[in-house]
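Shown below, as structure tokens, is a lone chain in the form predicted on its own; questions about how it binds or moves come after it.
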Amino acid sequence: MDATTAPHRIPPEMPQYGEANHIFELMQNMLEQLLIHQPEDPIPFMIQHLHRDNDNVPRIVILGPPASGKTTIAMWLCKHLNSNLLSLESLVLNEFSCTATEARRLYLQRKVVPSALLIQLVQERLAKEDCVKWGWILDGIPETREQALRIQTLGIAPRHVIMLSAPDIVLIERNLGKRIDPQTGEIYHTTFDWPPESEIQNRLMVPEGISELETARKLLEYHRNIVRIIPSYPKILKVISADQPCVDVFYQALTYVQSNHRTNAPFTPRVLLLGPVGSGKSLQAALLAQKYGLVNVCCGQLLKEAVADKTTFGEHIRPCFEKGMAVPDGLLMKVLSQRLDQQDCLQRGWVLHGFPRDLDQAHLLNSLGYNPNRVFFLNVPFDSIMERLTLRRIDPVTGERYHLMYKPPPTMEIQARLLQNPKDSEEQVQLKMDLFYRNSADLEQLYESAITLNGDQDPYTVFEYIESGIINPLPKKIP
């Protein structure tokens, strides 16, 4: 069918349902599993996969040189995400695996496990019910490109790969002070992380192989291997500096593993910008419309256009304008619905600002099916708002707009005739800000996944943050 003569009108509920329930990602994950496992009967396999419901469990690889703190970060992530930690030591100590018994024998003899045997151990462990249900974190595996390729061949695909990095001199110095608790496996340091309990202090042991020469040898081997591992994870690898407090490294790692990667899923942005008067909503909406082709929907402008065009709705709105009264929510919503139902909004998406102003309006917007999929709160301090708005002026002769601080008039003659819009007076601005903050807490509670931004900075910096929030999936909120 010719799309130009008979375009398809897709109900707005369909893409909203697909986005809300991640239908595209669900089908993509199921197709990946079918191709990896190639079951004889795909239907029962797909049903089992859907019942398992583990597409979003942690599947994390943490890499890093000796003394970079990767084991500590892996353990903290494991506790926070309630997942399973897999390391070379834990794999070879598995008493219920024949493969682990052989690996343990070789490890005790040579201090190394052959790649094929190690990956077999990994495969066996990941097949266990706890790893399938709660996910896994690989600590320091793979160690070589051969191991990385073997893992990929088996269909073991991490969702996030973290690589810790620090200068060698820092790592050597850090390694010399390392101590280990033989009972818990916790790692401490004589300078940076010494336990306060004397009982723990007394049982700490110096690990093997942490001399300066041994550490330098391990670092050389690591650098030789890591440059060949990195290309195996081109879009999911994040490098984090380990030369900073361990807590900072952990929170950067946690933020990354809680993020979702961009997908090829169809996405129609429905953006809502909220913020006090003067926070820059109109400018950000214009920038989004210019770059991404979104329809710029300003509620106040729609009402003015309806009155100017003398539409049916406009005739009902005019008396409210003349008396300085607020337009009733029902009438306002009819004007807004008429615009959001147009084909350009359905196809290209929209960016809405100036509405809703309170919880009732937000519920009304959602009840009619206009749920935004990205919400941004622009926070700007009171003094900055006052500075932005109360210093605005207009030239009644030329219509040129000025700002006494950011764009002063070029001559004293022009400055003498400048006028201030009554709505920019301190009293009016104060009134509007009080009204916004009176309702903002309720709106923040309703839009739980909203992104809060600092609007008191360069507008193009703010735009970059908004842009990132739109093109990237919303982060998962794990308690």
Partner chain sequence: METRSRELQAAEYLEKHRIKELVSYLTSALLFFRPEKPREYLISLLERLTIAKATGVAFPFFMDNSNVVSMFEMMDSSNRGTISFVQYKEALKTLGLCTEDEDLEDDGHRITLDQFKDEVNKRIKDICEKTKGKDYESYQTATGLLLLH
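Since we're looking at a predicted model, the values are computed, not measured. Numbering follows the first chain given and starts at 1.
Another form, the form predicted in complex with the partner chain, is not on view; read the next lines as being about it.
Chemist: So if I measure heavy atom distances to the partner chain in the predicted complex, which of the stretches 419-427, 448-456, 435-443, 22-30 falls within 4.5 Å?
Modeler: The contacting stretch here is 22-30.
Chemist: Please check if residue 46 has a heavy atom lying within 4.5 Å of any heavy atom of the partner chain in the predicted complex.
Modeler: Judged by the heavy-atom cut-off of 4.5 Å, residue 46 is in contact with the partner chain in the predicted complex.
Chemist: Is residue 412 part of the interface with the partner chain in the predicted complex - any heavy atom within 4.5 Å?
Modeler: No.
Chemist: Heavy atom to heavy atom, is residue 14 within 4.5 Å of the partner chain in the predicted complex?
Modeler: Residue 14: contacts the partner chain in the predicted complex.
Chemist: Considering only heavy atoms, tell me if residue 469 and the partner chain come within 4.5 Å of each other in the predicted complex.
Modeler: Answer no; every heavy atom of residue 469 is more than 4.5 Å from the partner chain in the predicted complex.
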